[in-house]
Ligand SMILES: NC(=O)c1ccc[n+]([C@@H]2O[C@H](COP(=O)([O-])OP(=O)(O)OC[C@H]3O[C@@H](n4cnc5c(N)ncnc54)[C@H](OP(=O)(O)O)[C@@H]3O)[C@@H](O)[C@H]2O)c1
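What follows is one chain in structure tokens, specifically the form predicted alone.
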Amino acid sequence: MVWKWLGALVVFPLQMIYLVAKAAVGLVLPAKLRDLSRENVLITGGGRGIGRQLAREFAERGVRKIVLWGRTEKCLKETTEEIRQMGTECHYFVCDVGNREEVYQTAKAVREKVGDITILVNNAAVVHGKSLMDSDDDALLKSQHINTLGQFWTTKAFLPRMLELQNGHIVCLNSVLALSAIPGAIDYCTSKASAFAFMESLTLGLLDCPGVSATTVLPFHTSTEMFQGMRVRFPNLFPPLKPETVARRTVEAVQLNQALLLLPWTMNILIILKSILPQAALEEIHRFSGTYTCMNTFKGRT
């Protein structure tokens, strides 16, 4: 038993060195992208914003079928027509992911009409952009139901079949605010932090499930109507991401089977600073960058 433990202690650091070196090589040398031609993709919040761009990106990369979920039929219909014109089979279903029974019923309808979903993209989200004391209780519950619990319901609806097929991928379009919160969006930051923990636990739980994996995407502020009006102090130094960029990098992360993606790469520095700096220093960073007051001009869609 002693020799077994000693052997493990010797092998473990060697494994760490190998995995770090492998990751470093992967950053330099181009990796082979996964073929998506046999995949059926479902995107929640797929009618507009990043969801619409994701549908376009998946279509351009040759997926077999795309399914869009959302709460606004007009947007869903417009995006569906656009994807069909690109030559990809596309369907839409009106579904509120915050409603558990509606998710399960709509998932059943999807399986009957479209077939098995092999890539699930949890993108649907809402933000109310208010402080805790200014927030309506129902609005707070809505954020948690859609942004967090909705991922529980959609994953429970589609993951079992992925495990049976030994072919599946769960994607979460999260936010860097899950790791570094700001004032004025307490509902959003809390829900995204919960969703991040959900995905972290899920990703580890899938390690022994062949053919099924997960990707969590943490983008910086993206220029969609959702966060319209949000302002940082130095917009030229910290420009908002384009939805097209987020969509492209997300699909690439799926094709590379990448578990975690921070956008842009400079967000990695933020996470490191948050881990080593004292709270007072972090507060000064928020004041200097303008994130402390960035939601004061918020006019986004709720």
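Please read all numbers here as calculations on a predicted model, not as lab measurements. Numbering starts at 1 and follows the sequence shown.
Omitted from view is the form predicted together with this ligand, to which the following refers.
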- Answer for Asp116 alone: is it within 4.5 Å of this ligand in the model of the complex, judged on heavy atom distances? no
- Hey, in the model of the complex, does Glu225 get a heavy atom within 4.5 angstroms of this ligand? yes
- Message: Is Val251 part of the interface with this ligand in the model of the complex - any heavy atom within 4.5 Å?
- Response: no
- Item | Close approach of Arg61 to this ligand in the model of the complex, 4.5 Å, heavy atom | no
- Query: Between the options Ile83, Ala185, Ala124, Leu120, which residue brings a heavy atom to within 4.5 Å of this ligand in the model of the complex?
  - Reply: Ala124
- Task: Identify which of Leu159, Ile146, Cys189, Ala214 has a heavy atom within 4.5 Å of this ligand in the model of the complex; exactly one of them does.
- Result: Ile146
- So which stretch, 71-79, 104-112, 193-201, 161-169, is the one near this ligand in the model of the complex (non-hydrogen atoms, 4.5 Å)? 71-79
- Message: Just to make sure I understand: among 84-111, which residues lie within 4.5 Å of this ligand in the model of the complex, judging by heavy atoms?
- Response: Cys95, Asp96, Val97, Gly98
